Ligand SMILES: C[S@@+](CC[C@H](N)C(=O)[O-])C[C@H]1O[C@@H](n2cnc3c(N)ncnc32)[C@H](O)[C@@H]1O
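The chain below stands alone, shown as C-alpha cells; this is the form predicted on its own.
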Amino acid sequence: MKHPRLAIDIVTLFPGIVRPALRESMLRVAQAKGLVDIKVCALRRFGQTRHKSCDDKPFGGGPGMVMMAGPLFKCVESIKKSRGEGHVVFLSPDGKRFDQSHAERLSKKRHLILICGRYEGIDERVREHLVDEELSIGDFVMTGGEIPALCVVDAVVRLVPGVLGNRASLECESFRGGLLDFPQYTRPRVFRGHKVPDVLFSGDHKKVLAWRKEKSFEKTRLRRPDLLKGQGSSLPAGRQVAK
C-alpha cells in the first residue's frame, strides 16, 4: 500500500460495530486506492486485569461505570509509537458540534485517532492530558461513540483528494457556502403526474444556476434559518423562484 494521505485509528471497546461499515462503499474504495489507511484498535487488548477490564466504578459513588485512564493511555501511546503522532479526538456529547468546517479541517490532518466513549464516560485525566479535542454529532445521548466516530470518518474521508470520482460534486453540495443543497431530479420527467421543473430543460445554464441558488436559499430559509445569520432572512429583493 502506498503512503496514504490520511491515517485514521478508531479506539473502541466494540470493534464489531465499526469494522463492517469500513468494508463498504466509499470507505472501502478509499482504502483500496491507498488514499486512506483506517485501523480499528480493540481497547480490551490493553485491559489492566486478567479479565482485560477497561472500566471501573466511579470514585465518589454514582451509577454506572467509567472508562479507565490506563488502557486508553496505553492504547493511544501504542498507536503513536507504530504510526507516528496523531490528532486525538474524543467523541462525546460534551464536545463541540461537529459540522462541515470541522470535517474540512480534519481532512487536512495526516493522522487522526478517534476515541469512542462508553458507559458513563471516561476518566477526566484522559480529557485533560491525552485528548486534543472533543466533538459531538448532536445534542442527544447514544450508547457509545462508535457510530459518531463513523459519521466523522465518513464526512472526513470523502474530502480527501482523489476519494470521490467527481471532485465537482464537492463544490455543489449541502453546507457549501452556508446553504442547504438545491432539489435534484432524474428520469422520468413526469412521475405519477408530478413534473420536473421546466427550467432544468431550458438548456440555459445561467437560468439553471440561478434557479438552484434561489431554491437553496429558499430551502435553507424554511428548514435551517439558523444558517442564514449574517446572510439575510429572505430571498433577495426583486427575485422570484422559478416554478
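The structure displayed is predicted, hence computed values, not measured ones. Note that residue numbering begins at 1 and tracks the sequence as displayed.
Keep in mind that the form predicted in complex with this ligand is missing from the display, and what follows is about it.
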> With a 4.5 Å heavy atom cut-off, would you call S101 a contact of this ligand in the predicted bound form?
Replying inline: no
> Would G138 sit within 4.5 Å of this ligand in the predicted bound form, counting heavy atoms only?
Replying inline: yes
> Heavy atom to heavy atom, is R118 within 4.5 Å of this ligand in the predicted bound form?
Replying inline: yes
>> Please tell me whether any heavy atom belonging to T143 falls inside 4.5 Å of a heavy atom of this ligand, as the geometry stands in the predicted bound form.
In response: yes
> Among the candidate residues L91, I113, L72, V153, which is the single one with a non-hydrogen atom no more than 4.5 Å from this ligand in the predicted bound form?
Replying inline: L91
> Looking at 154-162, 79-87, 92-100, 105-113, which lies within 4.5 angstroms of this ligand in the predicted bound form, counting heavy atoms?
Replying inline: 92-100
> Quick one: which residues from 146-160 get a non-hydrogen atom within 4.5 Å of this ligand in the predicted bound form?
Replying inline: P148
